[in-house]
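So here's one chain in two forms, each on its own in structure tokens, numbered structure 1 and structure 2.
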Structure 1
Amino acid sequence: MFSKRTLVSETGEVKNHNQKYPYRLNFYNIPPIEEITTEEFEVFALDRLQVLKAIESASLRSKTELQVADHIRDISNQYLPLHSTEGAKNYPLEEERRKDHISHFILRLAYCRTEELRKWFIKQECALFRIRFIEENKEERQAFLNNERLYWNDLTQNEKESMKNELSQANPHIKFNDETFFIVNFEQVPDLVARRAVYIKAGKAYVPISEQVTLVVVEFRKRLSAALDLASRAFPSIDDERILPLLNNINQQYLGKAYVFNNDTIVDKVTADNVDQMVGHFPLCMMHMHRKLRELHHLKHYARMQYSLFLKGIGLTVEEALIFWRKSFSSITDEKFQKEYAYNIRHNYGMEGKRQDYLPLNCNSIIMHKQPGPGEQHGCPFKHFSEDNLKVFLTQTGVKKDEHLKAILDIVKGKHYQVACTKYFEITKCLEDSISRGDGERHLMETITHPNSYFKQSVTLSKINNSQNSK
């Protein structure tokens, strides 16, 4: 297929230089042009998928960047090893890089068809690229970027000196004298701007070289996004009967977990009047909003949305929802309710506007999006409550023992909010036998990822308990 060139360097060392894949990093600009077997096609794709899956679940568990990188390296070594040029003697670099290249393009095809799939693919691929870029040494990175002709303007020594104070204040942890600063438009580094991690002036952001990875990933994302758009348009014209079933199979393997609202509800009938009785099965986030709703006879927009979709998920019909909210907002007139709130409730059920049947929010969305501001009650109590307030809330809702409280709060300190919620479930539903046996790390249940799944499990559990009791 292609020749391996053997180079002899000045010192007389013999290097095997892989002409086709000189670098470990790849922007995947050029599609592979070669023949592969259908078996390779499928295996390559599924192996890469394992790595992307692992990246997604690592980010769900909110591990630190270092922990994620370690974990991914392990998974990669298993399924998609990709070593640096330094490792040329010990590893079959050419084979590895070829697999990386081809598998990327196959998955591009598999994930280009819908907006949701494209978004997922871009997110995991950017994370993978970022991990690999950070792992790479300085020389390799620079050589790769030079090859891609990716340059950014940087500050001259004089310019740098004149902004010394501001640059050091914005980036206190770098060694100012050694550092290079790139000048880019602030729109190119939204993540750094949002975290106030760079100095910006007159619309320009001054990005230290240690954050260069952000600039590179922005470029990577831009190119990948454009390529996926192209691919999605070309897709309909693929009619190879060997590939289509393979691509469909890949999709089925992993579509991301979505809680699908189906009509077989697990409680007999949820009505406006019996929601109060269900609260015992609610996770803390919903319980809190329900309480506040009863106390204040009002909830602000995001809380209404989060709670309303949850209620839809447990089986509250749109008619009952309108009654429920109308009665709950007891201090306003019918007119005001119709004008300001009824529309949004119907909107949640897909009966207004663009008629999208919104899915109840999962834990990840609730934890990561829209932090509650003053007067707002939405969000995840494990994340958004201060420690004191959380302690009070936990005690009020069934966590009586000190060691249980501490266990939960420790998990919260580690920022594993869903794990804390799962623990709370176990404790309050008296599943804590395993805890008293001392194997605190073992969870009886899978980590909660969705408030409606919490509800479902709670109701199921109580049905089991009831049927056991009646025996």
Structure 2
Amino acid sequence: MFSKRTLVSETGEVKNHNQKYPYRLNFYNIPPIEEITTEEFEVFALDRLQVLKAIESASLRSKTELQVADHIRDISNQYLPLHSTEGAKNYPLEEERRKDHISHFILRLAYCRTEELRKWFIKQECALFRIRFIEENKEERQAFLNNERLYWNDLTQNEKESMKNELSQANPHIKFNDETFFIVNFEQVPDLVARRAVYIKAGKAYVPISEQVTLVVVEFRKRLSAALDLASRAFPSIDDERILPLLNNINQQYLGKAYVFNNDTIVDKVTADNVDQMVGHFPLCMMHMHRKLRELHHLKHYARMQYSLFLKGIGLTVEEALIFWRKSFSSITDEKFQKEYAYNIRHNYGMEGKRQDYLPLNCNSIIMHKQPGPGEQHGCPFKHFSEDNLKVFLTQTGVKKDEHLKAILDIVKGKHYQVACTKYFEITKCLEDSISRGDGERHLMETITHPNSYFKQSVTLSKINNSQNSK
């Protein structure tokens, strides 16, 4: 139950936390004081993290602000829906806003622990707030700002006219006569100054109302930064063993969709003889192992396990797998193959040992697995290859332009390996802006989190393109 205590915000405004959330927008000034279950705690945190990770991924892939906003709207509708007050009749607004409120504070706790985590959290939360502010209708935005007592001095009409040339040159895209300008210290709007999007005179920046979101995000960032500093000092006192493991490890959580293996594969039939024809749909990790298998006629244990489970996931049966691996290991005798390798292949399919039906490895498992040693081919090329080797491999597999190569390598340097893989997919599949899901709409790709998902998306895209070309 909610407590009925009354709280005072930083602005001095008295607020009763027992009232419903009045606005979609939230500065998160007041922490939640209700009880939630441990299950809610985890679900809320991971759902919000899905949205923040999607923002990071889209930004790293150099998408436009409009593309990012459209993508985040799709992701938010899945994990963290938050509708405007005008949708009160159609959506459970209080439930949505409660989840948004609580999930923010959970992640605030989780990401307060180090300077690096705090910077990451502030960056993504500011981006999310910016998207929501821009999407909100004018009346709701103004009501929220009034509630937070955020006001800026306006230029008078005479002052505005006296600076018409300077203001118009700094903001050529606006309708000057209809625009209101705020006067702020130029230090408050470093982003606008860097973009030369404001007129500056005597230490003051003249901000058009169309850029008001920048001023609001600056205030949001300032408050969140201060709150994270406070949380970091309080964090050591948390001793609840029910939530500490999640708080300490949430930034390393695997957020990809679980891969469910079934017999309804996306391709008609996968056999030992046609695997080579499908390599063009493989992610780099699997393509690398396939190439090395063809070159060396052998793979060591971890590569065999990683590649075998992937092939299982795309529809290669155990019978065909035995044929595939026997033909591939062409330099050894049948007796040696049966004695040293056949058992492990059947084991991967749940036909030996504990008879566990193993699933294909996701990207996180592959990335976090042991570093490949000499002669080993498993792992993730984006993480485990040297920069020079990765450059060569990317060039060999379809990345022809220097700017594309640099974009991928820059993402790799930031240790965003799955984002780099997604960027590689977009470049090599000629998806500069968006991807079709066969519904007549264009969507920004979600970050690839599983080799088998990469394969599925590649095959699906090929089928859509072939269908469109045949019309």
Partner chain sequence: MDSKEDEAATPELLSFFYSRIFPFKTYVNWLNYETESNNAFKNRELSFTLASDAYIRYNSYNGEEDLKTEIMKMCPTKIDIGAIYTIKPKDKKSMRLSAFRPVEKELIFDIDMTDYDEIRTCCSGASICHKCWKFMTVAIKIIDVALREDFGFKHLLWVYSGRRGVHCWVCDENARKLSNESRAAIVSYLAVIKGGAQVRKKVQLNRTLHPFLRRSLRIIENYFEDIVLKDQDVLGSEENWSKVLNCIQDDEIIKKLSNKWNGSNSKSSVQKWEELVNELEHAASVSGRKLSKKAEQLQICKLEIMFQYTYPRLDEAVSKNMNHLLKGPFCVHPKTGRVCVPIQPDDCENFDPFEVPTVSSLYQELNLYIEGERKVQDYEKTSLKPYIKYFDNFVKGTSKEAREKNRAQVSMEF
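Numbers given to residues start at 1 and step along the sequence of structure 1. For clarity, a rigid core is taken as the largest C-alpha set superposing within 1.5 Å between two forms. Because the structure is a prediction, the values reported are computed rather than measured.
Between the two displayed forms of this chain, it is structure 1 that matches the form predicted together with its partner chain. With the core held fixed between structures 1 and 2, K53 has its Cα displaced by under 2 Å. The Cα shift for V279 between structures 1 and 2, taken after rigid core superposition, is 2 angstroms or larger. Superposition of the core reveals a Cα shift of 2 Å or more for E376 between structures 1 and 2. Core-based alignment between structures 1 and 2 gives a C-alpha movement of 43.8 Å at H301.
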